[in-house]
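The data below hold one chain only, encoded as structure tokens and taken in the form predicted on its own.
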């Protein structure tokens, strides 16, 4: 691609953008000159934070509140887990009324379609259906004219669904995890694991072909740059390098299996 675009979904603090751009500038200078980096975000507070952190890359980084036709890579780190889900169990959907749980009729016919499509219709356990994941994936496919879609997030596949009989919805507050969000009287961050089988299945409908789906551990260990960094740190006696090596090892162990990496490509990229 003559002028590839990198488009990050949800820029957070801007740390990932800073690391990617710094790496490209140092290790891939020819690519760095050709690429443009976009961040899809509509939080004024976060965009302000990102602009401040990325001031060294002025003229290289841009912001957008809508996706647009492009060639390059659309990618995300913990984006799809932020989208809302429908919680279903044995033909009923979970609703909240006056801080109490109620199971009633499923709200949308599309939920039944997803359950049948993924083979979940007769499961005797809690299942989450993310219709917004499907809708956003379709939006990605419509705007990615040529290139790749990379998803990094904590999640599961259909084969692993049995590990979560009560579902995966949890609430985070003050660095603590609560499996019953309604028990909290204060605002909290509610999230659910990403169903990677759903992204793979519906991505195929939208013209996004799976290149690979693997654990974060396998993804990192297959990266020459990551292995080179590990080796360099392992021979260093600097306190900051020892601390960094410890963090990387912890990430491989604690996050290595919980997180997955999905790479999809447009059909025009595979020809």
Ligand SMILES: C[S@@+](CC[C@H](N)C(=O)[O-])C[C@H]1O[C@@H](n2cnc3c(N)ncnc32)[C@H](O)[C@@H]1O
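None of these values were measured; they are calculated from a predicted model. Numbering follows the first chain given and starts at 1.
The following text describes the form predicted together with this ligand, which does not appear among the structures shown.
* Which one, 74-82, 195-203, 117-125, 168-176, holds residues whose non-hydrogen atoms are within 4.5 Å of this ligand in the predicted complex? -> That would be stretch 74-82.
Please pick, from 234, 215, 223, 43, the one residue with any non-hydrogen atom lying within 4.5 angstroms of this ligand in the predicted complex.
Contact residue from the list: 43.
Inset, instruction - Go through 16, 252, 263, 24 and name the one with a heavy atom inside 4.5 Å of this ligand in the predicted complex. - result: None of the other options qualify; the answer is 16.
| message | Is residue 256 part of the interface with this ligand in the predicted complex - any heavy atom within 4.5 Å? | response | Looking in the predicted complex, residue contacts with this ligand do not include residue 256, since no heavy atom lies within 4.5 Å.
With the partner left out here, which residues of 1-29 have a non-hydrogen atom within 4.5 Å of this ligand in the predicted complex? Contacting residues: 8, 10, 11, 12, 15, 16.
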